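Form predicted on its own, single chain, as structure tokens, below.
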């Protein structure tokens, strides 16, 4: 009886510990409950489900956003997750990206029908956000793999669930690339586990185990593992899927893809590199090469694009390179710059896709040449587009300039401290790529204001709420240029110990 009592007490203690640890995963638990509620609602009701499904999804995301603001640092579930103020801020931005995606979708009846007539699209969107949120704080190789697969599977469904030949083709390509990259990644993880005997990358035995491994097999294992991270980041050379997916998927979904998995992958990469950055593997060299290639390939490929969403796909590849610049700085200023860049990138990208979705609704196409003269008919929205494109380029008077300035300052500071030549090349080529970006970003304002319209647009489709939301998305880009110290002061209070 005493032995049974000890077992019961031990089990009760363990359950109590798990219940306490669940608080650290409050946002993810909330999203899981929201997914279940959407599924149940979808099964119970057959007609006019749009309002219910949208409301459940939106309230669940907002609730998860609020909870993420109250979580403290910790290492729950035996160190399977590592939570600090840095990745909690990233988690907040990821969930905010989901909220903004639903706001964007609610502005178009076609997207309301897509998200609301059945729960699959909403469930897949919430799954992507939940997986990305888990990615940002995972320190266990198995949990990292599960989180990446959650994000990936949801993304595959979002790409291919809407009928259409191009969408099916893009989804198939996405699945094939994703499957191969996942297989390579988990094979690399199996090597790391074999070298160390532990799945926890923050465990001291993980570092000590890798320290005794010859450089060749260690390099192979690390390259295979980070391949999966680069796939979600859509960085070179694992970027080939993104243009077709961006062009085929609904615009609010593309906005989600452009930010949530990408920033989650950056957070995961920082955790991974931070755990083993003193091992005899030159992270700065290899990630620097990836950053240079991503910026260059993305920007030069975008120059030739005629479709705005496809152009933004190559733009996101280039921005993946700029985000990597913050990683390879290996400094607090680099982490600060990366957080600032991520917050501004959220505003820039969602603002761009919100305005693209409006013009897409007007013209029936996302082709840039269909935008001829529309800026003259709706000058306020045209001006908003100009501001967003200037911000994406990284020019004043927008917060995009401040973001680029912080990123380049961090890499310059790191080069002065270490003298690593790759950092200097990243700095120089990054600046040159900013000039290249000017030519394709400003092509959209050029068509809006300096080309004659093919036909007069239907202004009846333009509502005051479109103008309001467009302004809400864009005005912070101007405010944060003149008052960037508001955000910088907040970020300076964050503990950057990873």
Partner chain sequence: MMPVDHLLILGAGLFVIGFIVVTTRKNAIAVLIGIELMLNAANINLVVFSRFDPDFLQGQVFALFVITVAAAETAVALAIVLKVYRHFKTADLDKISELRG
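Since the structure is predicted, the reported quantities are computational estimates derived from the model, not experimental observations. Positions refer to the first chain, counted from 1.
FYI, the form predicted together with the partner chain isn't displayed, but the following is about it.
- Residues 162, 175 and 247 are all found to lie within 4.5 Å of the partner chain in the model of the complex, as judged by heavy atom distances.
- Remark: of stretches 392 to 400, 88 to 96, 304 to 312, 257 to 265, the one touching the partner chain in the model of the complex is 304 to 312 (heavy atom within 4.5 Å).
- Among heavy atoms of residue 128, none comes within 4.5 Å of the partner chain in the model of the complex.
- The closest heavy atom approach of residue 289 to the partner chain in the model of the complex falls outside 4.5 Å.
- Although the partner is absent from this view, residue 182 contacts the partner chain in the model of the complex, with a non-hydrogen atom inside 4.5 angstroms.
- A residue is said to contact a partner when one of its heavy atoms sits within 4.5 Å of a partner heavy atom; residue 142 meets this definition for the partner chain in the model of the complex.
- Checking 380, 412, 77, 191 against the partner chain in the model of the complex, a heavy atom within 4.5 Å turns up for just one residue: 191.
- When the partner chain is considered in the model of the complex, only one residue from 171, 388, 253, 295 comes within 4.5 Å through any heavy atom, namely 171.
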